[in-house]
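Presented as structure tokens, the chain that follows is alone, the form predicted on its own.
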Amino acid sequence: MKVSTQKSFRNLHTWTGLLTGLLLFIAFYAGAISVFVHELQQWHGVVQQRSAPVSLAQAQPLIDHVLELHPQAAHGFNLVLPGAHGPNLTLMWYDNASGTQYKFVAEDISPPLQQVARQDFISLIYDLHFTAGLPRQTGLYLFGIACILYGLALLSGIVIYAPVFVKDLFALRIGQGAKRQWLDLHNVIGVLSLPFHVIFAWSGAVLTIGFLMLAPFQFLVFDGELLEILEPDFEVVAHVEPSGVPADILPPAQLLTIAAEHQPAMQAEMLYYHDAGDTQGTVTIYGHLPSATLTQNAAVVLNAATGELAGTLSPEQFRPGTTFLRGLQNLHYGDFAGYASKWLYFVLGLAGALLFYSGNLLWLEVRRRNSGAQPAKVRVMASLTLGVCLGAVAGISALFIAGSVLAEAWHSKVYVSVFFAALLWAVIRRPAKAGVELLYACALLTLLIPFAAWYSSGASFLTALLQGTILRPAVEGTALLLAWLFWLLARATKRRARRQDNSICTNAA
């Protein structure tokens, strides 16, 4: 390869990595945790002592209460069943007028309280995966662009590394300088997890800005008819306009019984009501259906008033477009091989975050001066790398603590406060010191997660382990392991900072 060509690819790899690295660090770290979103919902219910079973008989009074309070909600709302999505029976409704999603949780008290949805710490972590804390739509579009640049970084990295692939694949040259160590670590993580990074970049772009990517084909190739052609890939049955004739809806328990007759193996998780209270109103029951395919989702559509079957959908009935989209979603979230794929994606997510963090540190190491004031661009990038990356880590750990001991209204405030406090600390402190201090802060906050759960529940996770329950030990034990790793990183960073200071003093002498 010509030197000029390799230099062009190096520049492409460097700048696409720098432009997307901070966003993708948050996406990968939050995404690694979000793989276990359902398990975390169950853990939160246990810690908050909400594990008492909820009767399905409470569903109809919940629906009646919401429709009486908000008649416009009849156009479309979700009834989330207790189980995979946590122990609560929840009704979710999006208010188009205010642009706010609300949730109502069925509890022993009556009537249920109206709450703003997606304010709990689990939803906030899930949203961080594809918004980085930015406004939802802005974050989605920005991450879609970041995924495209991420793909270019992968391509250029392959071109750069290909000539020395075999020689340097497992080379971790300890003691040959920080630059060489970060380069070796960056390369081995990137190469060994390359197939998964290709999947993440591709699926991330499709799932965030897929409709925008279709725009050229919609207007230039299909004369504005592409979305109509693809409509069956996104809906179970064709939309039917409401008749305007009122009709009572059947109780959820009866609708679930009817759905089980058409899909006996499906484990129902959610009911979506459309035009509830109308003779043409429908309810779509979504659930998990064990299948040998990558997609294991199914749906049954019934008339909400009569229970008449309007359509069913199972993996064997998927159109090619539906199979592609659902399969891509499952590949992106690791939802295809049970806990084996979940734990694999958890490790890959953490490794991916380290990949972007090490890429930025490598860029800084190349440009760092051994003595004297550092160039402004190096100082700014060092502060941003430490503040954004470690601020997100500390903020997510703080979210777990807030989720255990504080009301939902405080969760987002806790994350924002910790994140910007870390960013400010990285700006005002010297990078070598800020890195050590922020890593210790990450270790401390992560260490406190099991103790916050203990305080909230009244029992430690060791008690749950002795009782034969693995959920709390898995979550809180993982937190302890991560706290230990952050402590080790802080110790290593502190030793390196001391060596740099000694080196500077020696050179000055």
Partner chain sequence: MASKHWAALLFGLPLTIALIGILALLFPGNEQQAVLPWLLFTFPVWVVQMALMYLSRSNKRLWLILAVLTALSYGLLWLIKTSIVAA
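Predicted model, so just to flag it, every value in this text is computed and none were measured. Positions refer to the first chain, counted from 1.
Heads up, the form predicted together with its partner chain isn't pictured, but that's what we're talking about next.
- The candidate spot formed by Ile189, Gly338 and Gly349 is out of contact with its partner chain in the predicted complex: none of the three has a heavy atom within 4.5 Å.
- Of the candidate stretches 433-441, 72-80, 239-247, 204-212, only 204-212 has residues with heavy atoms within 4.5 Å of its partner chain in the predicted complex.
- The closest heavy atom approach of Leu489 to its partner chain in the predicted complex falls outside 4.5 Å.
- Interface residue remark: Ala84 is not counted as part of the site for its partner chain in the predicted complex, having no heavy atom within 4.5 Å.
- Looking at Glu308, you'd find every heavy atom of it more than 4.5 angstroms from its partner chain in the predicted complex.
- Using a 4.5 angstroms limit between non-hydrogen atoms, Leu325 touches its partner chain in the predicted complex.
- Taking a 4.5 Å heavy atom cutoff to its partner chain in the predicted complex, the contact residue among Gly99, Pro290, Pro216, Pro195 is Pro216.
- Though its partner chain is absent from this view, in the predicted complex it lies within 4.5 Å of a heavy atom of just one residue from Leu344, Val366, Ala409, Leu155, which is Leu155.
- Scanning 122-150 for heavy atoms within 4.5 Å of its partner chain in the predicted complex gives just one residue, Ile148.
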